[in-house]
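Form predicted alone, single chain, as structure tokens, below.
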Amino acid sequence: MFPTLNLAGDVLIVERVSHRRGKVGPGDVVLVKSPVDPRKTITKRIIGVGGDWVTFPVGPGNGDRSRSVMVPKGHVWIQGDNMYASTDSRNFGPVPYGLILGKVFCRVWPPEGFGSISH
């Protein structure tokens, strides 16, 4: 799957209320404080929330091996849309819900990409 967002240059509108009210879930693209480097902010898609089982390929493109993980309560499982070039929960595990900074509402730049970010 190709990335939804460009590596650099996209301007996004992020709303910061939904995650505080517990209104984010699978399919939502969220802004998250990196669990690896707290000075960085990353944008990923929520794949699972507390209590969900998530199955993902181990070493995408290297066979049919997969792994299943249960997301602990109070955590989310995030992944990038480009599974071949994304550092995400497959690398660092479930992310505490408190690291979510906001939900991406829409892209406003570049003009040809203007619009809502779909599930």
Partner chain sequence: MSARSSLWNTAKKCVTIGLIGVTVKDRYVSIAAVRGGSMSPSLNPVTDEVSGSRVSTFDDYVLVEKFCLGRYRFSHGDVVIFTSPTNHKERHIKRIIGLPGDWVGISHIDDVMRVPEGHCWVEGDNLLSSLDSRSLGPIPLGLIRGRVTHVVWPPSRIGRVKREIRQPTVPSY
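Numbering follows the first chain given and starts at 1. Treat the numbers as computed from the prediction; the structure is a model and nothing was measured.
Unshown form predicted together with the partner chain; subsequent notes refer to it.
- Taking the partner from elsewhere, H19 is found to have a heavy atom lying within 4.5 Å of the partner chain in the predicted bound form.
- Residue contact with the partner chain in the predicted bound form: L12 places no heavy atom within 4.5 Å of it.
- Shown alone here, P38 lies within 4.5 Å of the partner chain in the predicted bound form, counting heavy atoms only.
- Although the partner is absent here, R67 lies well away from the partner chain in the predicted bound form, with no heavy atom inside 4.5 Å.
- Shown without its partner, this chain lists G27, G74, G93, P57 as candidates; in the predicted bound form, only G74 has a non-hydrogen atom within 4.5 angstroms of the partner chain.
- Along 79-98, a non-hydrogen atom within 4.5 Å of the partner chain in the predicted bound form is carried by P96, Y97, G98, in order along the sequence.
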